[in-house]
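Below: one protein chain in two forms, given as C-alpha cells, structure 1 then structure 2.
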Structure 1
Amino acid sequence: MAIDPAVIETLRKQPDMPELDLSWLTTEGPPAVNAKPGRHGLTLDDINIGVYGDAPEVARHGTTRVRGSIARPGVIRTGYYVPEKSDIWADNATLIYEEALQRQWSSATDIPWESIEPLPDEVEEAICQICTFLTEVEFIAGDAPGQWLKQISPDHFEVALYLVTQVMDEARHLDVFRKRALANGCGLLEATGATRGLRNILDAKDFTEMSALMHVLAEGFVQTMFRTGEFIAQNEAEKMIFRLCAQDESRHVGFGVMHLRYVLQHAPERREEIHHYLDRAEQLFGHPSDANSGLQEALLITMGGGKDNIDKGAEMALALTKKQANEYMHRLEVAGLADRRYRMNPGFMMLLDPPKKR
C-alpha cells in the first residue's frame, strides 16, 4: 500500500498524541488494489489480483500469515501445513466455494415436509433404511475433509474455504436424511457400522489419497445414487431432498476431479501411487464384508415401487450400478487417468461401456 512518508512523519510529530511506533504503516508493501464486483458480485476470483492471487508452489512460513500481507519477523509457527501446492490444490476451488455459498439450502424450510403421507410399511421401512445408511455416510463425508482443514496453509486458503463448504453440505445431508427417517412413523434402522471402504477414506494419510477415494470414487457413486432419487422418492419432499443433495455432491466431485487433474499435471510421478490408492479402494468397496444387504434390498423395494416389484427394482439398481462405474471412469479420464480402465477392479470393469472414440 502506498503510504505517503510525509503523512507518517506528521503523525509521529503530533504533539498531543502519545509516542507511536507506526512501523506497521510501512511505505513498502503490496501495490494498492481496487477490486471491482462482476456479474457474480465481488468474488474471490475478482480479488485474486497480483500478489494477492499468487498462490505459491511451496508454502514455507508455517505461520498464520495471510497471502499478500507483509511478513513480520519473529512470528511463531502455528501449525504444520501441507507445503506443496500440488498436494492440495484445485483450480476450481474458488469457483466451487462461491457456488456453494450461493446454492445453500435449508433442510428445515426448503423441503416440502407437508407432502409426506403415510406409506405402506415395507416402503416406509425401506426409505428409512436408506436414510439410516446415508446419515451414517454423510457423517464420515464431513469428518474426512474436516481432518485436513488445519493442514491447509493460509497461502492456499481457497482449498480450506472449499472444504468448509463441503463439511457444511455434509452436515446438512446428515440432518436432512435423519429428519426424513424420523418424519413418518418409522425411524432409523440398521446401521452399517462404517464399512471398510469408508474406514479407508478416514484413514487416508495423504490429501490426494483422501480426495481420490472420497470425492472421485465414493461421492461420485453417491451422486449417481442421489440422481436416482426421483425413483426412490415417494413424495415431493423426498424428491427435493435428493435433487438438492445431488447438486451439492456434484460440487464435491467437481473439486476432486480437478484436484486429481492438477496433481497429475504438476506431479506426474505420483501416477502409480494414485493407482495404488484406487486399487485398494475399489477392492474394499466391492469386498464381501462390505455387502450392505439392508441397503440393497431397500433400494430394490423403493425403486421397484414395493416388494411385489423387486424385478423392476433390480433392473433399475443394475442401471444405477452401471452408470456409477461408467461415470467414475469418465471422470478419471478427464483427470488424466484414462489408463485406469485397464486395471480397474474386475467387479467395476465388467460394467464399463467400450471407450468412446475421440
Structure 2
Amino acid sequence: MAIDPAVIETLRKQPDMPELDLSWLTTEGPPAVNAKPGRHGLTLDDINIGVYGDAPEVARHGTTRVRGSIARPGVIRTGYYVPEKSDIWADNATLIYEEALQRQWSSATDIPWESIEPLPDEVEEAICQICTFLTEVEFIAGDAPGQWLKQISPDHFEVALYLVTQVMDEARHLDVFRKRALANGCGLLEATGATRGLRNILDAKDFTEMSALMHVLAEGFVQTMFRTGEFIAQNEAEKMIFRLCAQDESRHVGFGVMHLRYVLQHAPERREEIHHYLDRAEQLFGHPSDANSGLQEALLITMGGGKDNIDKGAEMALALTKKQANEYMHRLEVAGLADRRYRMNPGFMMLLDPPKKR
C-alpha cells in the first residue's frame, strides 16, 4: 500500500522545537551546601544539613517531592498515609541504616558450610526442627515492615531506607536457616503453627503497634535465642549463623526501642494504647493453640546435647526463657515504659528479676 505523499512531506519537515524554559536554573530555593564525608564516608547524617535535614513533624504534601527540594504546583498526590513524624520516626534510623549497609553478609559464602559433619540423628533432627520454625518466623519478620514502606512520606525517608535493609536481613535469615536444614542429610520438618502471635503482628493497623509487637517483643525474644544459639551450636557453621543473625537482629530491636521511645516522648497520650497492644501480644505469645511440642522438645534436645540429657536441656531452656523476659523488660524501660512491669502477663512477670534500685 502506497504512503500518502503528504505524509512523507510532513515527516521531512523539521519539527517545531519548543522554546527552552530555563526557569528552574534561576529559581530561588534552599541554600547551597557542600557536604563533607566523615570518618565513615559520606553518610546520611553528613548530608542532613539545614533544611535538608529538617524532617517536618507532619508531612503535608502527600507527593513524591523529596525533602529539601522545591515544590512544584499541580503535582498529583500519591497518598502517603503516615504523615505524623511521631508515628514513624526513630532517632537512630540513619545510624543503623548505615551499619546495615556496611555489615551485609552472604549465606552462600560467609558461612563455613564445610565445617558441618554428621550428627546423631536425634540432634540433627532437633536442629532442623528449630530451623523450620526460624524460617517461618523470618518470613513474617520481613513481610510485616515491608507492608509499611509505601506509606512512609519522602519527608521521613530515613525510616523507609532502614526498613528496606531489615527486609533484606530477614530474607537472608530465612534463606540461611533453610540452607542449614538441608545441608546435613535431614531437611525441613513439621510446621510449628505458631500463628496467633505472628498473625497479630501482620494484622497491626498502626506502625507503632507493628513495631512494638515485632521489634520490641517478638524479635527481642528471637535475638536472645540467637545469642544463646551460638553457645549450643554443634559446629562453626552454626556458630557463624547465629552470630551474624544476632548482629542483624540487634539493629531491628534497636530501631523498635528508639521508635517506641520517640512516640512516648512526643505523643505521651498514646501510653495506654501501647499497653493495650502489649497486653494482647503477651497473651497470644503463649496461647495454648500455638504450643508445639515438637519445637519445645527440639530445643531441649539441642540444648542438652541429646535426648538422654533432657534435664540439662530443660534447665537451659528455662534460663533462656527467663533471659528473654528480663531483656524484654529492659527494652521497655529504655523506651520509657517501665510501668509495664506491673501489668505484664503473669507468665512473663513471674520470670522477672526484682527491679534494680536506683
Partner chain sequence: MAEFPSLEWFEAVRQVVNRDGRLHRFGTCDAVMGVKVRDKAFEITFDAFECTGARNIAVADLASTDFYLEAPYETWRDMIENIKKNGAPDRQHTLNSIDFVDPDGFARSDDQTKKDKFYRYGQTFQQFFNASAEIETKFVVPQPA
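Nothing here was measured: the structure is a model prediction, and the numbers come from that model. What we label the rigid core is the largest C-alpha set whose atoms superpose within 1.5 Å from one form to the other. Just so we're on the same page, residue numbers count up from 1 along structure 1's sequence.
Colleague: Two forms of the same chain appear here; which of them is the form predicted in complex with the partner chain?
Modeller: Number 1 is right.
Colleague: Do you see a C-alpha shift of 2 Å or more at Ile8 between the two structures, with the core held fixed?
Modeller: Yes.
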